[in-house]
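There is one chain below, alone, in structure tokens, taken in the form predicted on its own.
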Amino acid sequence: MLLHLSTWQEVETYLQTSQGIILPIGSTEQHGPTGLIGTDAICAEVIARGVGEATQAIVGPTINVGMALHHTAFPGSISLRPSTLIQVIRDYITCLAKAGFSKFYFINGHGGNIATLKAAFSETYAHLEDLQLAHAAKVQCEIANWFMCSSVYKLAHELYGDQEGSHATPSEVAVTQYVYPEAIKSVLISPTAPAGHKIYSANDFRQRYPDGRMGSNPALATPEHGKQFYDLAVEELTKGYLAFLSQE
């Protein structure tokens, strides 16, 4: 059940049996020579919808611009500042909590969002208490990073070894190839890329990682691999969402 394709009456009926909602969040940022700029949002969205179908949960609209300031020296990348993203998340949750939702399961596709999301949750809990929302104490938020699922990590290691890298990875590129096979990019790239440098400013990032990759070889990706990663992530996060719903 997709929130944006539902009526308010349907959402009201849903809330009579469940107060859980899945919110996909990603980023709009460069992913190397062959990765789509929307990779993180695409992966989060398709996996979130799969989990929603498996659990009959409502899935909110994808938050497709995240915290990616370190990628903004590459054309096409868009980022919110951490402070802005915190406010966006707080306002999303506040509106939905007022409607009766209390369990917010964020399926995340971008590592750069993690710290800001955790800060946003803390800000939101305090904000809801300040508003004296009736069920503020019941509101809970959780981050589920699909790329950190144990089954996904294991398969990525088996398929790609050290060439999985940590950005513009073959695993995430494979998922986008599965979802959008018509958008597969074929570019000759080196099998090796710089790795191990800490992340500072956007210009420093581009200097250290000139083609945008961080130790990865996305040329290894295939749509068939993407289907495998999708299935594993949906299975593992379905269990995670249901466990989250059941906890007090």
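Position 1 is the first residue in the sequence shown; the rest follow in order. From a predicted model like this one, the values you see are computed outputs, not experimental measurements.
The following text describes the form predicted together with another copy of the chain, which does not appear among the structures shown.
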**Study point:** A195, A219, A202, A54 - the one with a heavy atom within 4.5 Å of another copy of the chain in the predicted bound form
**Key:** A202
Point to revise | another copy of the chain contact at G50 in the predicted bound form, heavy atom, 4.5 Å | key: no
Check your understanding: Contact between Q247 and another copy of the chain in the predicted bound form at 4.5 Å, heavy atoms?
Key -> yes
Check your understanding: Is there a heavy atom of P223 no more than 4.5 Å from a heavy atom of another copy of the chain in the predicted bound form?
Key -> no
**Study point:** another copy of the chain contact at T17 in the predicted bound form, heavy atom, 4.5 Å
**Key:** no
Check your understanding: in the predicted bound form, which residues of 129-163 put a heavy atom within 4.5 Å of another copy of the chain?
Key -> E129, D130, L131, Q132, A136, A137, V139, Q140, C141, E142
